[in-house]
Ligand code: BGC
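A lone chain, given as structure tokens: the form predicted alone.
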């Protein structure tokens, strides 16, 4: 079968190659792939920045934003042929650490976890793949065109879960949320904020293109000004930071209401200097009982939360998040950014 593979650490090594057809083992699903989403992590792996092939292999099948349809399933499972499914990305470490032992492998303490399409496990960018039933999540059948949004939605489902857990340290009745960044993570974070009945504001640097309309269609408010201006006008109780831009991160810390929570989901580049007033930030955090948390990846429970959120969302809005659908044979175009891109997917069932 065909698969999109890379030699980790080698730039420009991404190509479609022939790999062995998979065979489902005990307790596993055999899945016909529909599509995979392409995100910044995939582009960085394709650029040779990082990535780890499975032990004994020189190449890695990439793709962690999966979507497929079950071909075969164990008779004693809750899955059946034809079910629309995604695969959980991360797997617990082999020791395991305490977090992994309790099913919270997204919070692995020793770094020995593995990840499909990223670290030591082949991903989902192949015409078929297998997955243990305990790491598979069934989707509503109506999501068979947009279910590759599940993995990024699981990331923001975890972020919201973490925010709510921190908020529960005392009485917490948030009304307003600011989401910085209107890429897929930011837009999906806004979706989950709207589903919680909050007054959602989304900040991005572009004034045109699909992003303002996508935010407006949610019933949220779009801004293309500064963090300081938005926070001064709307004083958010919660900030979901999805840009990783250092200046945006630190401006967000200073802009919340008392007992505010900032959740960082964007990964900042290293080697860049920024002058900040550390004393002012410290006073803000301490004197107003603020909290700052980082959040990445997701566990099986968060994937379930994401499935519920997508099932409750407007399917037309989800469809609009997908800017381009690229057949596997033309995969390279999916890795080249175009104006107005939001989410690009590679269709694995296409010729």
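Numbering follows the first chain given and starts at 1. What you are looking at is a predicted structure, and each value in this text was computed from that prediction instead of being measured.
Just so it is clear, the following notes concern the form predicted in complex with the named molecule, a form of the same protein that is not shown.
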(message) I'd like to know whether residue 286 contacts the named molecule in the model of the complex, with contact meaning heavy atoms within 4.5 angstroms.
(response) no
(request) Classify residue 312 as contacting or not contacting the named molecule in the model of the complex by the rule of any non-hydrogen atom within 4.5 angstroms, answering yes or no. (result) no
(message) Whether residue 241 contacts the named molecule in the model of the complex should be assessed with a 4.5 Å heavy atom distance threshold; does it?
(response) no
(message) With the partner left out here, check for me: in the model of the complex, does some heavy atom of residue 115 sit within 4.5 Å of the named molecule?
(response) yes
(request) Determine which one of 289-297, 55-63, 28-36, 315-323 lies within 4.5 Å of the named molecule in the model of the complex, judging by heavy atom distances; exactly one does. (result) 289-297
(request) Just give me the single entry in 261, 155, 230, 264 that has a non-hydrogen atom within 4.5 angstroms of the named molecule in the model of the complex. (result) 155
(request) Answer with one of 182, 178, 89, 148: the residue that has a non-hydrogen atom within 4.5 Å of the named molecule in the model of the complex. (result) 89
